[in-house]
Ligand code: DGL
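Taking the form predicted on its own, here's one chain by itself in structure tokens.
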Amino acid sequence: MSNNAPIGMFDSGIGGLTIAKALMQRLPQESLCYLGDTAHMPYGDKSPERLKEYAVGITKRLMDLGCKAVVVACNSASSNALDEVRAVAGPEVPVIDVVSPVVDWAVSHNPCGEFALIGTRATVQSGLYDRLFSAKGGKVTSLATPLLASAIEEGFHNGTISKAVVEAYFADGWAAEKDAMLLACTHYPLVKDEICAQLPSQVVVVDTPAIVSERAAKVLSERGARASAKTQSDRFEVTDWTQAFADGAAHILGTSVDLFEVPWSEIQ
């Protein structure tokens, strides 16, 4: 496969664009192919079986588009469908998730730390973060925050995110004594300022997009698969075109993007 082939990415909506933006900054010579499965958004409320179905279909789509790597830019899918994504991608196509790089970073930077985590129900109930932290001697306290991703998806582009949604999840101070906060949903960095306002200044909010983009760069370098120059435009697809996604994407990436609608019936 050519080193100039695109990096494939997917999420249920705009959240994964936080990873895409970080990749664009870290690897400006690379081309991206992003698929937002807006027809099935949000992923956080879906069953593991349904998440596997969606992830398999999307990965097949990215393989059909000739992607040289796949970034699962969604914690719910990374926590529940990573084996299935890898099986479809095959041994020659690296798959980068958004869970293991963050756990590795957190433990390496604070080996004896106690970590707080907020994420979707699908992510928290999977128990993946708990297992990975436990295997490395770390300790994490997790809270499912099911209302947050949908609120961000609907309102981020026009600044109508209600601070009350964020405040409600931290009202009892459960995270105040932790060393660091993990935002275990790629949507959550979009309201990082609001989250930081609910935490004491000593609680570090981990920068997931930067960590994942660095892992992607490392994996591609190790495989000798880095592009030397950008030879094609980035491509952004959605399974259901919405103005909210278009506006949110422009807000996150700092420029308008051409969205191509690919109905789910064409992906299955």
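Just so you know, these numbers come straight off a predicted model, no measurement behind them. Numbering starts at 1 and follows the sequence shown.
Same protein, other form: the form predicted in complex with this ligand, not shown, and the subject of what follows.
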{"property": "Non-hydrogen atom contact Gly44 with this ligand in the model of the complex at 4.5 angstroms", "result": "yes"}
{"property": "Close approach of Ala81 to this ligand in the model of the complex, 4.5 Å, heavy atom", "result": "no"}
{"property": "Residue contact check: Leu117 to this ligand in the model of the complex, 4.5 Å heavy atom", "result": "no"}
{"property": "Cys185: touches this ligand in the model of the complex, heavy atom cutoff 4.5 angstroms", "result": "yes"}
{"property": "Every residue of Leu35, Thr59 and Glu237 near this ligand in the model of the complex, heavy atom within 4.5 Å", "result": "no"}
{"property": "Contact segment among 132-140, 190-198, 119-127, 82-90, judged by heavy atoms lying within 4.5 Å of this ligand in the model of the complex", "result": "119-127"}
{"property": "Stretch 58-82 - residues with a heavy atom within 4.5 Å of this ligand in the model of the complex", "result": "Cys74, Asn75, Ser76"}
